[in-house]
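Below sits a lone chain in structure tokens, taken as the form predicted on its own.
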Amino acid sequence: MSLLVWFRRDLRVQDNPALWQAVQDARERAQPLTALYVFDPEGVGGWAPGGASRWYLERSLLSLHETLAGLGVPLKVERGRMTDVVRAFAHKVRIEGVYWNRVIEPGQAALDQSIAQSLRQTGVTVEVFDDDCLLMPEQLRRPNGERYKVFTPFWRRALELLEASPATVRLRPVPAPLDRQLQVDPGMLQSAGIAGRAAWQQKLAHHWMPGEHAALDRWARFFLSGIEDYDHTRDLPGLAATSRLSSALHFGELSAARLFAQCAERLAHETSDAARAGIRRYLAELGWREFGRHVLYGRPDSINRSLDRRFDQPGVWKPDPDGRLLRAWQRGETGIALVDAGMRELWETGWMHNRVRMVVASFLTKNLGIHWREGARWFWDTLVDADLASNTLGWQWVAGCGTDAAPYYRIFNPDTQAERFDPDHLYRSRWLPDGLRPTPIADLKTSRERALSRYRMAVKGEAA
């Protein structure tokens, strides 16, 4: 008999509560421990994993495989429906106990309950641990029991709870190795068929090094030398001023609890006003990640439907029957410099600066009038940090139909945004090096007025 730790969005050995307990029990009982990852190509709610995130996932799993081998824990990667694979694997390997960490996504709670019940009926013990959030959704509600719909009171209450129960209680060191050392098998992922072999995917290797060790190194460098300027440089896409850890946080190569705890500890002793402002701003960004998970937990249908149902009325979104406008946006051929630079950065690197994400999203949904789902799906396929909660929250916020959304009349002007946040043309020059600029596919002033008319119809019932 042996034990099993089931990895999902926690591809790390540090601060991993399920792995920590599994290793301790394996040592105490003198039992072998196996790690399992299940790749489900169907995804969640019709959102099959995108190409860029699959590329990142495959390489992150290879890194995890190497690290676990050093701990004496073999990693098995299987393809299929999670319910079927976990049950079958537990039976095949004669598993006595299974350990895993929670994931906050639609359907995951029911999935966990179903798998746990099935395993327990066969005599297998199951231990499930809190993870993926600083505070689990059931821990954070308004005084009247309802879920928060606005970020500021949500984050204020979250900080109060985190002060009372510090994130440090969730931290764990790397487990001590078990008795055996294992060989690393570079081909162990081939049968799972996780990543494709599209040419554009191969470019991502020039920009990313997935895995826990690389993520910890990026975090250490940013925390020591970048976070103190973060408050006033984070909106400047021409500078390397952000942590670029969104993919590491999504796949759990880093624990959000560790980032929060280290920031809180430094904030308690930091004397520099600039550094304190930068740390607070970074903590707020962790808060937005947290908020997205809590919103999605309460409204799982929001991955496909507008949170504000008024925006699902006919006439809010403009038809694009031949897809010409959408394709121009996807290819960075809109004739709007900042939009095109952002879309080309995305295609080349699998990532886009957050300020530019807001601008390109506003242009698609408001100036072009295309439904936010089209943009969300393109980001889902091309972002290495594609995350259902953050992606859904971000697109609905910009489109004006989400919880805590930007007002419908807030429409980003890409040219004004460029003048303000890329005044030296560093960003645009980097991603539009040829200087070519096609004829704009939309007039910013006219399309803005039309968007306001459509949105007034949705929000106020006024005729368009």
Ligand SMILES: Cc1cc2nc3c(=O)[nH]c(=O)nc-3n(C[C@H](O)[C@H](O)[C@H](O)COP(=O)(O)OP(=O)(O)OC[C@H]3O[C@@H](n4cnc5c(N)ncnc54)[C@H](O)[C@@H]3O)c2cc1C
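Bear in mind that the values here come from a model prediction, so they are computed numbers and not experimental data. Just count from 1 along the sequence shown to find any residue number.
One more form of this protein, predicted in complex with the named molecule, exists but is not displayed; see below.
Contact here is defined as any heavy atom lying within 4.5 Å of the named molecule in the model of the complex, and by that definition not a single one of V316, W378 and Y408 is a contact residue. When contacts are judged by a 4.5 Å heavy atom cut-off, A361 counts as touching the named molecule in the model of the complex.
Residue contact with the named molecule in the model of the complex: W395 places a heavy atom within 4.5 Å of it. In the model of the complex, at least one heavy atom of N354 sits within 4.5 Å of a heavy atom of the named molecule. Heavy atoms of Y99 never reach within 4.5 Å of the named molecule in the model of the complex, leaving it off the interface.
Only one of 73-81, 287-295, 180-188, 194-202 lies within 4.5 Å of the named molecule in the model of the complex by heavy atoms, and it is 287-295. Site annotation in the model of the complex: the residue of D387, E253, D340, D131 reaching within 4.5 Å of the named molecule with a heavy atom is D387.
Only one of L135, L245, L216, L119 lies close to the named molecule in the model of the complex, with a heavy atom inside 4.5 Å, and it is L245.
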